[in-house]
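One chain comes next, on its own, written as structure tokens: the form predicted alone.
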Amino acid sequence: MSLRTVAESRVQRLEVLGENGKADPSVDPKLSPEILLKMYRTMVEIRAFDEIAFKLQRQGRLGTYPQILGQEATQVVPALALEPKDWLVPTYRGQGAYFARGMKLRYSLLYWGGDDRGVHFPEETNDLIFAIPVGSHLTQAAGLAWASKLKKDGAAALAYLGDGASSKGDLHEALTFAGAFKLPVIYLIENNHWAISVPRERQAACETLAQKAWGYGVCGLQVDGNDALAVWRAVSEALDCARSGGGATLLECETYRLGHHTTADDATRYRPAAEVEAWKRKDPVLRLKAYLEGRGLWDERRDADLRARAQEMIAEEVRAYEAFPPPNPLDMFANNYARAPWALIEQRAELEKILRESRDLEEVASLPPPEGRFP
């Protein structure tokens, strides 16, 4: 009786930019100036929005808000690498990805203000509303990818998840299916090191999260998630693999959540300040800016102009958000069923009667017509 090795796996890590913004020429994807500048502008704009949205919540003008401060590269860059026909399946910390796909920021504010009319995506893209339950969207992404494969439409699906969700059974089920059927899907772990107050080292005993791909016949790669060029290259190569029939990829993009988990959290209660300061030196926005300056594509004058225009754009989005008319309460009954059951029909009729009795007829008449399908 003997022992022999029947399979071996290893994890590689992709890095392009150093903390000083200088690129390793052997792995630099050498992107066009147009793509690089769009990448940087979008990252700067979403960071500016993030800061303002946080202040709006503190002023009582938003219900809650999950910041993406420090995660701009993992949010923006993968979404920019997609084609409109591809499926975007983000987490609730996904406003950067939505914005990169063309969604107006007023709708992000509307959603976090407690109004489901904020679920409003560009018609030309295939974007799913994020799921609040952690991990429940991962099998849905596999289903979308399977449908694309059966239809042979050349589309891929990109699903985001956090390091916390990588411990859920949903990822096991999704990767099992994706590996067995060689689905055109990418699972991108935004490893920001903290699942609310639980540190990464308590999520899994393995050295990396990328190696979770091993048991499923899926390609796994660890990426410097604060390196915009590394993220672009990793996602682009994973998309090429997906479209060519090579199957699924699991990307662990190592980044850091510089802010609180949400505005309901106080990260200073469980995170050492020295750790946060160390990660600030790996800022994805500043690293990409230094790279652009090194290539002669950017300077301080352009940067100041970009930031000023970003503030103007966001101020307009805030005005548009706060100018939305009140929603029609009857909309809560729409789009829940293909054909509404009797109980829902009765409840809707009861609410409509209450509205008419409790409000002036003029006020009821001024409400927008109910949206969606009912019954």
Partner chain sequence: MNLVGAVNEGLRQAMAEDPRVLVLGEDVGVNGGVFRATEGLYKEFGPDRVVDTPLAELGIVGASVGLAINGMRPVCEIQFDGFLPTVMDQVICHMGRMRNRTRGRYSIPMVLRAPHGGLVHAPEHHSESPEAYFCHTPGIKVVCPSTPEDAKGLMIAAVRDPDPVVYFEPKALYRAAKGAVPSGPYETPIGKARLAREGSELSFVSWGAMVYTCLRAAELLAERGVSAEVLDLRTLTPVDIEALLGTAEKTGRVVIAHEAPNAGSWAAELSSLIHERAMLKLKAPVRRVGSWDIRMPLFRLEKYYIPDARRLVRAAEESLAF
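Keep in mind that this is a model prediction, so the values were computed, not measured. Positions refer to the first chain, counted from 1.
One more form of this protein, predicted in complex with its partner chain, exists but is not displayed; see below.
At the 4.5 Å threshold, heavy atoms of residue 33 stay clear of its partner chain in the predicted bound form, well away from it. Among residues of the shown chain, residue 54 is not one whose heavy atoms approach its partner chain to within 4.5 Å in the predicted bound form. Taking the partner from the other structure, its partner chain in the predicted bound form has no heavy atom within 4.5 Å of any heavy atom of residue 14. In the predicted bound form, its partner chain lies within 4.5 Å of some heavy atom of residue 168. Shown without its partner, this chain lists 203, 208, 176, 126 as candidates; in the predicted bound form, only 203 has a non-hydrogen atom within 4.5 angstroms of its partner chain. The listed set 80, 276, 219, 196 contains one residue whose heavy atoms approach its partner chain in the predicted bound form to within 4.5 Å, identified as 196. Not one of 106, 296 and 305 is positioned with any heavy atom within 4.5 Å of its partner chain in the predicted bound form.
Of the candidate stretches 235-243, 182-190, 127-135, 277-285, only 127-135 contains residues with a heavy atom within 4.5 Å of its partner chain in the predicted bound form. For the stretch 240-271, the set of residues having any non-hydrogen atom within 4.5 angstroms of its partner chain in the predicted bound form comprises 265, 269, 270, in sequence order.
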